[in-house]
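Presented as structure tokens, the chain that follows is alone, the form predicted alone.
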Amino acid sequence: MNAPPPNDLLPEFPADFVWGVATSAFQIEGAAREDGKGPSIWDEFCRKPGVIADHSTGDVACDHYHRLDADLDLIASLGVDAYRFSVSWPRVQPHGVGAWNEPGLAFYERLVDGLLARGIKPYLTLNHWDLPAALQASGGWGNRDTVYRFVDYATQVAARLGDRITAITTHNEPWVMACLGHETGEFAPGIKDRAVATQVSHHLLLSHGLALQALRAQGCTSRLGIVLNLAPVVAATQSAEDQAIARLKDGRLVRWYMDPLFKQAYPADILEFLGRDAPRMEAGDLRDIATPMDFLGVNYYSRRVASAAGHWDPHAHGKPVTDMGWEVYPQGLTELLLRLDHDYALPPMYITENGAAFKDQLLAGQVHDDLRRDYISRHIAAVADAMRQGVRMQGYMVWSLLDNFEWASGYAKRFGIVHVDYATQQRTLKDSALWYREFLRQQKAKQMPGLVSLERA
């Protein structure tokens, strides 16, 4: 079938704006115990009873490790400029210390060289949550020593690949690793301790800053940054209780990470809230965390609504939702970008993840995912809206290229613009992928040097 035409109301973007798709190693690679790869905390977490909704694992996932060339051809067929992927730390260094695994490093060399051969820029993430299990046995991110192990890992990967990498992200979504992994226990490693979680968040930020320093000292020419999951947090009502809860949730989600990175301080109100659970720091930590970066990656899916009454259900309030139960709220992306631009002195930003899970059906070789196509187009328009108001944006990447292992949801939730039949590993471009390909073709055909101001519905 022909690709659906792009929304005529979408503006033209600058010719150097980067368009891409994104994945992560654990969610797609499979080959969990092949070619010398060590176990990660997610390999171990998946084997705990009841923690994954469908009782699945990442052992096979999308079998990307064995289907690399075909998947790279698939990416190239979309006409994207960039591919954001992550390196599996235990694949290249099985224990997180000591010997390096040559077959693992060689896999990522083939990936990077394959991207370059197809004219696609590699955007590499060093840590997308799959910490070597051996390091977790010694305290994981709660142990300050892991900070220095991460710096060693970063410099080794950069020494091997850095001459061909456009950009390197240190961590993806430290809030998720800290809070979901160590406070609520929903994600690996499954710890439920707020004091540990806040210490983990500090160590993640510190390892980011120290890794940037080490990479630059090594002569790495890749652009360096971090990726945060951020969202506007609004109060459900004008009540003082709801307003206070919104301020607290904003502090823990946004300001707890943005303030030390760009203001060299944790927010005072959140430190007071944490009390004895506040992180232990050493002299110079905050200075190191605030090491200047070349870009900030922002992952956005929805806004958050805070209520003293408990969980705020968007569906119950008549709001459109995704299959994750998240409100579809594209204007929140514009609001978030404007707020960040106003409150902080920022480097250029990328939207490094944006997308939605819906209940897709493969029928007669096609997936008509109109809701996802609409979601993506409206969020692209939201980025353009922020740019028209002066925010420096350099790129947008769809999450995700493929349906994949969606963490605690297993394979029950599909975020991909490409459908994956997990029994056969057959890939099928959904209508959203066909739309994205045609949208990018039209963008590149115009090659406009600046945004055209078009009104948005």
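Throughout, we count residues from 1 along the sequence that is shown. A quick note: this is a predicted structure, and the numbers were derived from the prediction, not measured.
Below, we turn to the form predicted in complex with beta-D-fucopyranose, even though it does not appear here.
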- Note on the structure: For beta-D-fucopyranose in the predicted complex, the stretch among 401-409, 64-72, 41-49, 424-432 with residues bearing a heavy atom within 4.5 Å is 401-409
- Looking at F295, Y301, F85, W256, which is the one with a non-hydrogen atom within 4.5 Å of beta-D-fucopyranose in the predicted complex? Y301
- From the list Y108, W129, Y153, Y375, which entry has a heavy atom within 4.5 Å of beta-D-fucopyranose in the predicted complex? W129
- Find out whether any non-hydrogen atom of F415 is located within 4.5 angstroms of beta-D-fucopyranose in the predicted complex, and reply yes or no. yes
- Does the 4.5 Å heavy atom contact test between T169 and beta-D-fucopyranose in the predicted complex come out positive? no
- Query: Using heavy atoms and a 4.5 Å limit, would one call E353 a contact residue for beta-D-fucopyranose in the predicted complex?
  - Reply: yes
- Item | Contact of D250 with beta-D-fucopyranose in the predicted complex (heavy atom, 4.5 Å) | no
- Message: Need the contact residues for 208-235: heavy atom within 4.5 Å of beta-D-fucopyranose in the predicted complex, sequence order, or none if there are none.
- Response: none
